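Shown here is one chain on its own, the form predicted on its own, set out as structure tokens.
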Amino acid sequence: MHTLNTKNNFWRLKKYGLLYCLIILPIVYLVLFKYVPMYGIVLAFRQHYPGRAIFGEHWVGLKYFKMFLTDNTFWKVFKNTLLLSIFNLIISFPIPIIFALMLNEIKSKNSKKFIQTVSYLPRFFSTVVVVGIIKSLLSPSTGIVNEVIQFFTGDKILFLSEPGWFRTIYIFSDVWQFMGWNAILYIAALSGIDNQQYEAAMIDGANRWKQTIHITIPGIMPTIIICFTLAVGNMLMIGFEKVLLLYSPIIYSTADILQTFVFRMGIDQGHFSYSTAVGLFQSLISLVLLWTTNWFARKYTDYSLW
């Protein structure tokens, strides 16, 4: 029996060897950049001195956690992160679903492919390119948005210098960049709904709206719940690169978030133990959010991550 299993495994490896090779790089990436750095968490509990032991000199317990929990700047940053995350979730999460439902109503295959291609394209722009586009459009001197505003009102708006505009700019740029890409899962789920259900509903006299409410949305509900659970778990993990490239000290009051705070404390000021403690706290909050959302999904629906 053991010989037979060995032969079967060898045959499977020989047949699917190239496919197995494809997962080598992702596994190496996960190990090197996700698991190995986890040992660095010890810095949150050790005193670190620049230029000396990389993982700190001696244990200090919860010293750095107490420091940021009593730091007013930290709580301002935490508030900014929470508000931006909640607003982003409320606006950015349902839009891909609505987009997928609208795209599903288009009968022309060529039109559907064209719209899909145009909507997917921004996802492949680098963050630097996206921020460059944003700055060009909103520039007070040459930006087309300000040109239009000046034409109608005679004034210009310093979008990137006014704290009140930061969240709006960030969220709507996120919607533009990721709407089409995030809709892929819902489009795939829509293609799996049995057409016979729609035919039966039409015979019963249901219009398109009722078909959407009673067939389409329940058909993609498992996908919606899973994506929502993951989105809540990642609420605090806002796009660090975009915020870093968009913000400046003049708009710290709304733009400074946990990731930029960690970057500034750790890389700019060399407080590695303090920034590690803040980063660990952020990860723990994200874990609690993920577990809580999954618990509610499992309790009140038939779908959950585990």
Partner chain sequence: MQDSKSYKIFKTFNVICMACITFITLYPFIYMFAQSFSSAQAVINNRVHFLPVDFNLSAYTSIITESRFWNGYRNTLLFTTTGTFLGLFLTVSLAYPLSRDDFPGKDVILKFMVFTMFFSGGLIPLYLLVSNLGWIDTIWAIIVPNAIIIFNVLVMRTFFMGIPQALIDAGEIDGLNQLQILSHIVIPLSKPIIATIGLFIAVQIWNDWFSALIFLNMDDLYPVTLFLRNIVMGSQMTAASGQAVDSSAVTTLPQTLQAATIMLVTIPILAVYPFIQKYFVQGMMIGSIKG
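This is a predicted model, so every value here is computed, not measured. Numbering follows the first chain given and starts at 1.
The same protein has a further form, the form predicted together with the partner chain, not shown here; the description that follows concerns it.
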Although the partner chain is absent from this view, report whether Glu105 comes within 4.5 Å of it in the predicted bound form, heavy atoms only. yes
Considering non-hydrogen atoms and a 4.5 Å limit, does the partner chain approach Ala297 in the predicted bound form? no
Report yes if any heavy atom of His214 sits within 4.5 Å of a heavy atom of the partner chain in the predicted bound form; otherwise report no. no
Hey, in the predicted bound form, is Pro222 touching the partner chain, heavy atoms inside 4.5 Å? yes
Considering the partner chain in the predicted bound form, which of Ile91, Ala188, Leu83, Ala200 comes within 4.5 Å of it through any heavy atom? Ala188
Which residues, if any, of 275-306 lie within 4.5 Å of the partner chain in the predicted bound form when only heavy atoms count? Leu280, Ser283, Leu284, Ser286, Leu287, Leu290, Trp291, Ser304, Leu305, Trp306
